[in-house]
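In the form predicted on its own, a lone chain appears below as structure tokens.
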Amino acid sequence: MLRLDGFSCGYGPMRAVDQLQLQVSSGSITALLGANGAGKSSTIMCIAGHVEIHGGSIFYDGADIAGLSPMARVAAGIGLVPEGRRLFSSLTVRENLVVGGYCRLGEATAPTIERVLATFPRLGERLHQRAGSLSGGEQQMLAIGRALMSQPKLLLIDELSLGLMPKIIDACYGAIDDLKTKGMAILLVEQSTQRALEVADMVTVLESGRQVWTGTARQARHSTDMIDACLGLKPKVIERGK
């Protein structure tokens, strides 16, 4: 569903990620790990169209989308859950969901909202409450729900568990695991390595914008090299999982 070939991105003259090779298949979760400043969020935001690509290709569903606008990428089936949620705090839960389905306004919105509420029943109890008054966990549920309103085939999630209580983290991880079983492709950026490895199929580790480890989640769970890479203790060369 997603393939990055020789992918590089950055901000003006500054290159945040260099020569990344990564792919995400339908019905799978790929975890993108690394310390703060490794380039994880820049990768996610570039795939979504909000950061400049400096080189290489972004193939989504077989087509190079590097030239598409962010809105066109959403319409093509790429959903984004950004770091910090970035909700419309003055709008209600329902209004935020409707905004998330903007590119699908020609279709029935109510059934899509019902599917989101089935995934996160707590949102149904807060449907007419302003998003800014929700707890942090409820806001994260809403951010995921808003992304799902565009009916994505690929979901990009940046820092799923950051600042959340364990019970809410469990609910969010349960939701994305369910989405995976339904065939969705998910690229997950996460600070909590342990939680990411519980649901991921594939793992890639970045350090200072370079890919330093890649392999299956099973390999990662038994790899001291991967842990060292996450902590920034590996040399800047790609290590394949063993």
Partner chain sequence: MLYVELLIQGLIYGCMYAMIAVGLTLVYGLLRILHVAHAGLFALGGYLGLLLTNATGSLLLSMPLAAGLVGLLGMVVYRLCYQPILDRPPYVALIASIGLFIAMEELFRLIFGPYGLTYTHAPLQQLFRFSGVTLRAVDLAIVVGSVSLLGSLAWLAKNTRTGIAWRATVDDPQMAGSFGISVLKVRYLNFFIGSALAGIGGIFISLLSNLVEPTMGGVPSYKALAIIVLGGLGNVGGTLIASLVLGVVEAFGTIFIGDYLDRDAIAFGFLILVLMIRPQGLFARS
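Here the structure is a predicted model, which means the values were calculated and not measured. Numbering follows the first chain given and starts at 1.
As for the form predicted in complex with the partner chain, it is not shown, yet the points below apply to it.
Of the candidate stretches 81-89, 118-126, 167-175, 152-160, only 81-89 has residues whose heavy atoms lie within 4.5 Å of the partner chain in the predicted complex. When contacts are defined as a non-hydrogen atom within 4.5 Å, none of 5, 60 and 68 contacts the partner chain in the predicted complex. Within this chain, residue 76 is remote from the site of the partner chain in the predicted complex, having no heavy atom within 4.5 Å. Among heavy atoms of residue 50, some come within 4.5 Å of the partner chain in the predicted complex.
Along 1-36, not one residue places a heavy atom within 4.5 Å of the partner chain in the predicted complex.
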